[in-house]
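Taking the form predicted on its own, here's one chain by itself in structure tokens.
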């Protein structure tokens, strides 16, 4: 029987755990008083939760051996839809309609990938541009803000308020992370999702409908991105048409840093959340230290390559072919 330490070392999120420990050690040495302030940690945790929601959806898609480049635009489109629909349909109706739009985008992309036999990179790249373009056409380049009544609506506070002094986004991220982990590791659908990404031909020979699994996963990924957009704007209901711009790259990076293999069949939702925490923390700390914004892009690139090498090494040691 494995000890907890042995289980951690063999887990798919081990690389992300090591990354978090190293990052905290470096920040403590370089900027102890700035990093360990309660306000700093609260801001980092809040934005990590938002990116973590998107990264978990991306991780599920990557586990099926596909990729979704449209999550940033879906995040923005859903958020803009939420604010635009609110005056006519109320907060509750706007949330439902906005999530329906996200689900529709995800389902259409999934159908094009599995039924059209098209590469997911191309389909979702088209989705990225189409959704972003739709935001500009729909809004004319400017997005209205929430009314005071909408800001004080109980549903708005439920998604964007605070509980016990902690941002609601953090509770949503934790709750959904637990639910999605149960789905992935404790249900038949999760087993089929892992099998689809690990060995699709073998899975299909055993009766797994990999096409259905992939369509459902693309839909779930878009829903998570859309939900993150709603949570963001419920908290800060002022936005711009560039909402979510380039977020897809950070979500992919978080999922890969968290242990997802682009060859499919292996990944960790907890690791994706830790990856989001690493990316958000470095962005925040580099700004606090006055570093140029280009350093953040360089950091993400370097860490991404190191993470891929480390995760592939872990996968080989665990007996996976990569």
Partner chain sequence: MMTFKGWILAATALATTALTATLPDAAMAQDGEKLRFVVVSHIGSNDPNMNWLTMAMEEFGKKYPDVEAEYISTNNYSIQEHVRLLEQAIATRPDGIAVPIVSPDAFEGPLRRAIESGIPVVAFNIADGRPEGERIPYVTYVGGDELLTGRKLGEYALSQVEAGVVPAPTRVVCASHDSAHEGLKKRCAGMREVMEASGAKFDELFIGAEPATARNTLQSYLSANTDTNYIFTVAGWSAPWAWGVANEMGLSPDVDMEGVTVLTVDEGPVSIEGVRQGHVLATNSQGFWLQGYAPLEWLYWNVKHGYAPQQDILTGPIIITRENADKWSDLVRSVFGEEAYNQQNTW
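Everything quoted here is computed from the prediction, not taken from an experiment. Positions refer to the first chain, counted from 1.
This protein has a second form, the form predicted together with its partner chain, left out of what is shown; the following refers to that one.
Partner proximity in the model of the complex, defined as non-hydrogen atoms within 4.5 angstroms of its partner chain, places exactly one of 90-98, 201-209, 138-146, 219-227 at the interface: 138-146.
Contact with its partner chain in the model of the complex, judged by any heavy atom within 4.5 Å, is made by just one of 191, 242, 181, 152: 242. Using a 4.5 Å cutoff between non-hydrogen atoms, residue 268 does not count as a contact of its partner chain in the model of the complex. When contacts are judged by a 4.5 Å heavy atom cut-off, residue 43 counts as touching its partner chain in the model of the complex.
Contact annotation: residue 187 falls outside 4.5 Å of its partner chain in the model of the complex, judged by heavy atom distances. Its partner chain is not shown here, and in the model of the complex it never comes within 4.5 Å of any heavy atom of residue 65. Against its partner chain in the model of the complex, the set 238, 280 and 288 is in full contact: each member has a heavy atom within 4.5 Å.
In the model of the complex, 37, 39, 43, 47 are the residues of 21-53 with at least one heavy atom within 4.5 Å of its partner chain, listed from first to last.
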